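The chain below stands alone and is given as structure tokens, in the form predicted alone.
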Amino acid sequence: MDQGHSQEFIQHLINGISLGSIYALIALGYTMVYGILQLINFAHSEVYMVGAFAAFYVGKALGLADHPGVLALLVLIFSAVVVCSLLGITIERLAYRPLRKAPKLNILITAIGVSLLLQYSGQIIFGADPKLFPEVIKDSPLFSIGTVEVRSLDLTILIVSTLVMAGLHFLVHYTKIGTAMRAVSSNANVANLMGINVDRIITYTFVIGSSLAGVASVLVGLKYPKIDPLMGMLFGIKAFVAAVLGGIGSLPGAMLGGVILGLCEEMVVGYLSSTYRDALAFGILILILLLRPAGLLGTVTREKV
């Protein structure tokens, strides 16, 4: 590989890791809820969409595009996290909690229904036309290594997503809430007997998962500035594929799956054609289900019939 091709490869590598870290944040929301409730929360992608619009309207109201910088970014992230958390709590209380002991198929259909409800409610409330997300971080080259450019936006996405994932790791493994979450994930009935408020822990899980979607929505808004009420559909499916790839229910698996998917997409765009970009996720999903249904870091579980 000559110098020109190697530098091009490194550039694609940087772009892929940047995109993959966003997939990982959304995938973590899917995998956290599944780990606690054994539920695929298909409405999670619409929570992410609502977070993008919350940040958009806050940014527009405060004129943050005229004052770009870290503070403006933090304001957008905070507003998206708060709105997504409240929406996550509402969905759990109104849609999922009444069906907790219902057959899994009922809950799955409800999740799809909530997803469609939020999609079309978003079109009514926000309008179907795309909105231009406020540019609070200027995408400019920071430094170059040969022809490889490290841009401010990619570095910002990588730093924010890494800090958030590190914070999640600390929360799950080194706090009382995290210990309770792992106990409920292992056996909710036993955790309840040990004095853990299972309903509260489930609510915390939805809050944390929805907050991650809120952070991801701002990062996506910065990287792909046009947002619309159907933006969650494709990104949500790809993040779900990332969660399945890494092993649904595994937090490290969701992170790994997101990065792998982002790298694969970028390499396909760089060396084949952008036409295959979206099809790649579905191809990976089919391969994983055929070859390793539990995912890369997942464990095989058997259900009693």
Partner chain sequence: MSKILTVDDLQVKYGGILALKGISFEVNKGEIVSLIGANGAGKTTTLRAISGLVPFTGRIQLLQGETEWLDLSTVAKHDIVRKGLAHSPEGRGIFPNLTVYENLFLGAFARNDKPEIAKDLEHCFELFPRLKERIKQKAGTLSGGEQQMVAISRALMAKPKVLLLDEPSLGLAPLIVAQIFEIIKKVNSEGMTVLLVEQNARMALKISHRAYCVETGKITLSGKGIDLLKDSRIVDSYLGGH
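Positions refer to the first chain, counted from 1. Values in this document were obtained by computation on a predicted structure and should not be read as measured data.
Missing here is the form predicted in complex with the partner chain; even so, the following discussion is about that form.
Asks: Between the partner chain and Arg182, Ser186 and Asn192, in the model of the complex, does every residue show a non-hydrogen atom at 4.5 Å or closer?
Replies: Judged in the model of the complex, Arg182, Ser186 and Asn192 all sit within 4.5 Å of the partner chain.
Asks: If the cut-off is 4.5 angstroms on heavy atoms, which of these, Asn197, Ser152, Thr162, Ser144, is the one near the partner chain in the model of the complex?
Replies: Checking each option against the partner chain in the model of the complex, the one that comes within 4.5 Å is Asn197.
Asks: Since only the chain is shown here, I'm wondering whether His173 would be in contact with the partner chain in the model of the complex (any heavy atom pair within 4.5 Å).
Replies: Residue-level check for His173: yes, a contact with the partner chain.
Asks: Which of 210 to 218, 69 to 77, 136 to 144, 174 to 182 has heavy atoms within 4.5 Å of the partner chain in the model of the complex?
Replies: It is 174 to 182 that comes within 4.5 Å of the partner.
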